[in-house]
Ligand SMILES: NC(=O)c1ccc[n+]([C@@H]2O[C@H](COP(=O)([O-])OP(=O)(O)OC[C@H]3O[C@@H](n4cnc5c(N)ncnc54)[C@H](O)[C@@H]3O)[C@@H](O)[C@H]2O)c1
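Shown next as structure tokens: one chain only, the form predicted on its own.
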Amino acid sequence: MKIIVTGAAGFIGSHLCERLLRDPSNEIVGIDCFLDSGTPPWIRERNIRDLLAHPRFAMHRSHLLQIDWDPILPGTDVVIHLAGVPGVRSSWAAILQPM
């Protein structure tokens, strides 16, 4: 099964990818843009270090709004969307600014 996991370098995303790869029929495509969200980049790099060496894992370091989906989506069976900005305040800051 081809599975796309967004937010693959996060704590939950990376552990989910590891678990999904236990099934030899799964191929995982991880997507993460390593957004500066308060988690140091070295932690996200550490989260996916072992995944990068796995033959059934492919990582795309891209923003979901800018990625070229055409080569990624064909044959996909499941998309698990875990990408997000932790904390509501930082994601709403631009909207809450007084005009």
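Because the structure is predicted, anything quoted here is derived from the model rather than measured. Throughout, we count residues from 1 along the sequence that is shown.
What follows is about the form predicted in complex with the named molecule, which we do not show.
Student: Any chance G13, R44 and A83 all have a heavy atom within 4.5 Å of the named molecule in the predicted complex?
Tutor: Heavy-atom distance to the named molecule in the predicted complex: all three under 4.5 Å.
Student: Considering only heavy atoms, tell me if C17 and the named molecule come within 4.5 Å of each other in the predicted complex.
Tutor: Heavy-atom contact with the named molecule at 4.5 Å: absent for C17.
Student: Spell out, yes or no, whether the shortest heavy atom distance between R56 and the named molecule in the predicted complex is within 4.5 Å.
Tutor: No, R56 sits far enough from the named molecule in the predicted complex that none of its heavy atoms falls within 4.5 Å.
Student: Whether L51 contacts the named molecule in the predicted complex should be assessed with a 4.5 Å heavy atom distance threshold; does it?
Tutor: Result no; L51 lies far from the named molecule in the predicted complex.
Student: Would I72 sit within 4.5 Å of the named molecule in the predicted complex, counting heavy atoms only?
Tutor: So I72 does not count as contacting the named molecule.
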